[in-house]
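Take a look at this single chain in structure tokens; it is the form predicted on its own.
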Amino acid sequence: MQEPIVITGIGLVTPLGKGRELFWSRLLAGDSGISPVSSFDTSAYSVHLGGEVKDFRAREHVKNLEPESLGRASQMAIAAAYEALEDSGVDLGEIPRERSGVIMGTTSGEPQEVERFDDRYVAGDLRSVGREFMDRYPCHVIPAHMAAELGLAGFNLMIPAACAAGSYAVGQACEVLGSGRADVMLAGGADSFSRITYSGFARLGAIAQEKCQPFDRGRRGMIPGEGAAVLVLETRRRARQRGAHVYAEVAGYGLTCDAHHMTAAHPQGDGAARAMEQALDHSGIHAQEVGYISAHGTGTPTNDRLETLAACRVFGARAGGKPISSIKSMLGHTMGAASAIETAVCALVIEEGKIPPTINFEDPDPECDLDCVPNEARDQRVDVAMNNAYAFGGNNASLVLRRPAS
């Protein structure tokens, strides 16, 4: 990246609530957004918890499109985009339409639309399936809907790189801005809660029955969630010219693939470590300068152990004593939104000098010997933060954020 790229707006729709202020206060308090699933019947499963966004009303957020014509992920993404734009102070009317764009990440796109199709198929009612299915289902419609709602006529892309997709989107948006092809980019991720996702992870035996406990000896799995996060990105020069508040600078990023297995991570955490190393190299920042790491931290026995191995390879024993927490303990795993939400958290950590905890930590695991900021938030100045995300297919992403130059 040539001209530094900065974050000037944050929009969030999460199981802890909608909006940056509510989300941040509840996150620091160690509140949990995980509860028994209410959007569908889980009696056929042995697990029943999820991180659902409660009391979300699309009509309160979608202004130009017909809310009922959109899938839930698109609705949440639009709500997050409006909030991010308001937070940034960007006036889209002052920017040529072709100079503003959107890049999003997702795991499943709009899976609830597939569920509706399947329900009709099972009921023998396919005749009632019309063009609305193709208008609402494909994952690329999420950024397309955002563009149509907001009038963004420039770069438009969906990156379906599963649980690392939000970080991929932020990195790609920085490339677009750095090359001079846009003035303002919206980037983030969105995924909705669904039976498809829940069934898949339940069949894998990956969902915890009682709670998500990243890095704890007794951890038993992840908990599926949903949400959306959108960041407003622009060059530092433009942000300064308009007197914008800057949360953080995106200093660099790294993308790798394990090239190992579709669902299992590399047994030595090689791809994850290489992503961190690439991000540090790209940003020109030494490992010792990183003051906080937002972990992928799903709470599964294997993931947390391998993430520890990777972090220790890059930062040294006990990961150099750095605080490394997992907010999935509070949100659940919000899939394609996860790393976008966690990027926002890294920006807020730098802004606020507060580090969110890993809750439900009860029994230290010698194989995860990290400072996971157990159970209580911590006041600590952080000038450089790293966000790590690892996905099925062995897709790994690391982003490095730093305090903006004064």
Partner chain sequence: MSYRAAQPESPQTGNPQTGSSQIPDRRVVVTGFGVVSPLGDSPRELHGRLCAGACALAPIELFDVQDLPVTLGAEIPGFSARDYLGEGNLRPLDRTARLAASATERALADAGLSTEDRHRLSVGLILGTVFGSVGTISAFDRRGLEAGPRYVKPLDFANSVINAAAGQTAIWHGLPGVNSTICSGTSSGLQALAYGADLIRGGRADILVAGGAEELCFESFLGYQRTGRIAGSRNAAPPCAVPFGAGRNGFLLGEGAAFLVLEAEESARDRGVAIRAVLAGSSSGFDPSRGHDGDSAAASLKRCISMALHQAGRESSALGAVSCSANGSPTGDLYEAQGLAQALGDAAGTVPITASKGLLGESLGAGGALQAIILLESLRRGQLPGIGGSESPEAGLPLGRLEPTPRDVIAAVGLATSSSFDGHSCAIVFDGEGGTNE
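Numbering follows the first chain given and starts at 1. Just so it is clear, the structure is predicted and the values come from calculations on it, not from any experiment.
What follows is about the form predicted together with its partner chain, which we do not show.
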### Task
Examine residue 98 and determine whether its closest non-hydrogen atom to its partner chain in the model of the complex is within 4.5 angstroms.
yes
### Query
With a 4.5 Å heavy atom cut-off, would you call residue 315 a contact of its partner chain in the model of the complex?
no
### Task
Spell out, yes or no, whether the shortest heavy atom distance between residue 139 and its partner chain in the model of the complex is within 4.5 Å.
yes
### Query
Looking at the partner-bound form in the model of the complex, is residue 109 within 4.5 Å of its partner chain by any heavy atom?
yes
### Message
Residues 131, 148 and 250 are flagged as a possible site; in the model of the complex, is every one of them within 4.5 Å of its partner chain by some non-hydrogen atom?
### Response
yes
### Query
Pick from 114, 92, 285, 244: which has a non-hydrogen atom within 4.5 Å of its partner chain in the model of the complex?
114
## Note on the structure
its partner chain in the model of the complex has a heavy atom of only one listed residue within 4.5 Å, and of 265, 310, 161, 223 that residue is 161
## Note on the structure
Per contact check vs its partner chain in the model of the complex (non-hydrogen atom within 4.5 angstroms), the hit among 194-202, 297-305, 210-218, 325-333 is 194-202
#### Entry: Stretch 381-406: residues contacting its partner chain in the model of the complex, 4.5 Å heavy atom cut-off
392, 393, 395
